[in-house]
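As structure tokens, one chain now follows by itself in the form predicted on its own.
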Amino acid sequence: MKIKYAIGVDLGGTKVKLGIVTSEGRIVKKISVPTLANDGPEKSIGQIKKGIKSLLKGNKKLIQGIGIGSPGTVALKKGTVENPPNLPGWGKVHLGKIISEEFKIKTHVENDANAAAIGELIYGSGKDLTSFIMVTLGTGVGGGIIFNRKLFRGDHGGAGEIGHITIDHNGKECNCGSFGCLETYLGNNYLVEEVRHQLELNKDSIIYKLLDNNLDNLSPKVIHDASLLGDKFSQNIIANLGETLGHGLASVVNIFDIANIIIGGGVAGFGRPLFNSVKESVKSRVLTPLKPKIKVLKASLKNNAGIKGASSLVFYD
């Protein structure tokens, strides 16, 4: 069988990750560029174009199409992206049309977490599952729902926005405009700021030593490293993170009667302690018949889920 190639674009709030991917899910070449999200949509789209141009050099004849995974609500047929929470000023952007006209290559656009879910369904931890809930933990909290091996998109393409479940009606304002969303308690920015604040009362944490007392460089990786060294403060942070996520996911499990959960994104690197906390938290809140059926799996595509999932939009159109 002839190998087919596509470009997959994973548009994030901090970075745009791009790659040339085969129809078998093998990444031939991969690059990343900063999103420059705070500079507005034109700048971010320019970064996407910059990355695609780099990948197309000497390869354009091989490329069958371009797939883009983007935050926000996506109108699949029109390729429009609407109000992505962590991309300021976007409103409604005809991203698919812009990219296809620029490169004269057919372009598909899908919500980024949906694209990651499709990637896991085809190439990853969801290959042997009929249905699952996918959640991605990064700058924001994304979600995708696979039901009977098909992506559930809802009436307007916005289904699966797990990060915007309200878990505290008096909570902090979210980038989406609502209050107390799950994302406001789990996104990278919140996590770092919350840990930095709590460290004022936990001066004995190993984190200080790892950062030479410079908390400006605090990141989820540092929290993870400290937890592996036995830092109780960091271990509690991870356990609490899992508990909060689990409480939110329990509502999704109860609504859809789907007991398989796949977790991806950078924060998923916290590993087994996070996964155990999520599992126990979900089980504590779901309906009794579902409790023994809950499974929490790690996304096997890791940081490549977005790229592979986006490319699969081309192959499985």
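If you're wondering where the values come from, they're calculated on a predicted model, not measured in any experiment. Start at 1 and count along the sequence shown; that's the residue number.
Beyond what is shown, the protein has a form predicted in complex with a further copy of the same chain; the following relates to that form.
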Legend entry - Contact residue in the predicted complex, from Val192, Ile167, Ile98, Leu210 (heavy atom within 4.5 Å of a further copy of the same chain): Ile167
Inset, instruction - Tell me, out of Lys43, Arg285, Lys49, Lys30, which residue has a non-hydrogen atom within 4.5 angstroms of a further copy of the same chain in the predicted complex. - result: Arg285
Legend entry - a further copy of the same chain contact in the predicted complex: Ile258, any heavy atom under 4.5 Å: yes
Inset, instruction - Considering only heavy atoms, tell me if His247 and a further copy of the same chain come within 4.5 Å of each other in the predicted complex. - result: yes
Inset, instruction - Give a yes/no on whether Pro220 approaches a further copy of the same chain to within 4.5 Å in the predicted complex, heavy atoms considered. - result: no
Inset, instruction - Indicate whether a further copy of the same chain has at least one heavy atom within 4.5 Å of a heavy atom of Ile162 in the predicted complex. - result: yes
Legend entry - Residues Leu201, Asp204 and Gly230 all lining a further copy of the same chain in the predicted complex, heavy atom within 4.5 Å: no
Inset, instruction - Could you tell me which stretch in 192-200, 220-228, 90-98, 175-183 has residues with non-hydrogen atoms within 4.5 Å of a further copy of the same chain in the predicted complex? - result: 175-183
Legend entry - in the predicted complex, residues of 135-165 near a further copy of the same chain [heavy atom within 4.5 Å]: Phe147, Phe152, Arg153, Gly154, Asp155, His156, Gly157, Gly158, Ala159, Gly160, Glu161, Ile162, His164, Ile165
